[in-house]
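As structure tokens, one chain now follows by itself in the form predicted alone.
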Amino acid sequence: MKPLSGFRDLLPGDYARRRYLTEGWRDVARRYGFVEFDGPTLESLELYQKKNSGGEILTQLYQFTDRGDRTVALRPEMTPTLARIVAAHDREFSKPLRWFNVGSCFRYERQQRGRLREFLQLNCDLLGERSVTADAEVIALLIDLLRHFGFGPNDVTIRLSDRLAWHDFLEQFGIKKENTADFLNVVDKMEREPQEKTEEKISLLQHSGLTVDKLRDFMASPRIPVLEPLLEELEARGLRDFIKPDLSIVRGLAYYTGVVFEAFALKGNLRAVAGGGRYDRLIHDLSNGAVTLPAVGFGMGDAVMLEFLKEVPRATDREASFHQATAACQVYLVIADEAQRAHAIRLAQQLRDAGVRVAFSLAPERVGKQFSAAENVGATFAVMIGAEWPQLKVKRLSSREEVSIPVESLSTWLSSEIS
């Protein structure tokens, strides 16, 4: 049987690719002082129905009534769970908080390349700080995550916008800030829908004077004054080449209140590979006003990133180097003389105790078949154990270079070569 549509089995090679991604995520996030947390995969449906935490996600929930007659949902994203946790434990931590999470999320949505119904997602959030420096810090983290995997400004761009600019624009047409969500949802889909559809949606919202042409004129504005301090911060960090101000980016989630951004792949027809923004009211709303804490963060899914890694040779090369360095087996013991098997087993244990990843044939095999097995498991070295014991022949499988080493020197020699 196959897995359910939109879900996946991760065979060892697939899991190794995802581990490459998650280890990179954790490494870069920690460089920025972020600490890891987690929460439940199953939440109360009410968490996603609360004011400003819903949007399109409500139509994509895996929701059901459990045996306790409670209406629950598999988490579609991490931000509401984070907001709930922080609201409950607000006084236990000094601010600002720099938290990240790598966890499974579920959305019942149309599958396509890079989008699955179950996926692993990185979330990075900075809470308790309103300054533009906090926004810049989070965007810089996103850029460094992409750079870590080998992507440059010719491979990916951060499209940057601010909902405050939209609020000011819509106010000219008598649309109050608290009523802008419907209009921003129209803007969010403009790139993916024909103009006639957008015009129809605008007309249904019944606000005289606002037309698609006026929306497009506004989005074509050469300057976005509200973004200039943030752009200066990113320039000072040497990251401006990755940034493209773009008012068409508004993000589909209703809880964003300020700066919003998306990382767009410039290769591979993948569109957004990450996205986020500022959400200063979500914790206030979810805690019914008990805790008010500004926040900014982003999410990056594994399904789309694993596809993106295939599109850029530099990124592909970095991934290949990681897999070579972390192969399941570093040393394969080739037992050429079964009379020496006891010595081979003892040597395997000694090397494993020293931290070397070692494999060997569990039953008698032809020498040629053992060498094939060594290559299949990605071993760097094959160590031949034969009648010459305690003298060993060590072959580097990539170059076929061979050296002769006494058994008592093997561990030291391997340690030097592997490092």
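The first residue of the sequence shown is number 1, and the count goes up from there. Here the structure is a predicted model, which is why all the values come from computation and not from measurement.
Only in words, not in the display: the form predicted together with the RNA, which the text now covers.
Undergrad: From the candidate stretches 93 to 101, 132 to 140, 116 to 124, 230 to 238, select the single one in contact with the RNA in the model of the complex, where contact means a heavy atom within 4.5 Å.
TA: Residues of 116 to 124 come within 4.5 Å of the partner.
Undergrad: Under a 4.5 angstroms heavy atom criterion, identify the one residue in D155, E319, D188, D285 near the RNA in the model of the complex.
TA: Going through each option in turn, the one that passes is D188.
Undergrad: Going by heavy atom distances of 4.5 angstroms or less, which of D38, E46, D27, E388 would be at the interface with the RNA in the model of the complex?
TA: Selected residue: E388.
Undergrad: Any chance all of L145, R346 and S411 sit within 4.5 Å of the RNA in the model of the complex, going by non-hydrogen atoms?
TA: No: no residue has a heavy atom within 4.5 Å of the partner.
Undergrad: If you check in the model of the complex, is V367 within 4.5 Å of the RNA, heavy atoms only?
TA: Residue-level check for V367: yes, a contact with the RNA.
Undergrad: Is the gap between G252 and the RNA in the model of the complex 4.5 Å or less for some heavy atom pair?
TA: So G252 counts as contacting the RNA.
Undergrad: Is E402 a contact residue for the RNA in the model of the complex, using a 4.5 Å heavy atom cut-off?
TA: Contact check for E402: yes, within 4.5 Å of the RNA in the model of the complex.
Undergrad: Wondering, does R271 line up within 4.5 Å of the RNA in the model of the complex on heavy atoms?
TA: R271: yes, in contact with the RNA in the model of the complex.
Undergrad: Listed by sequence position, which residues of 4 to 20 have a non-hydrogen atom within 4.5 angstroms of the RNA in the model of the complex?
TA: Heavy-atom contacts to the RNA in the model of the complex: S5, G6.
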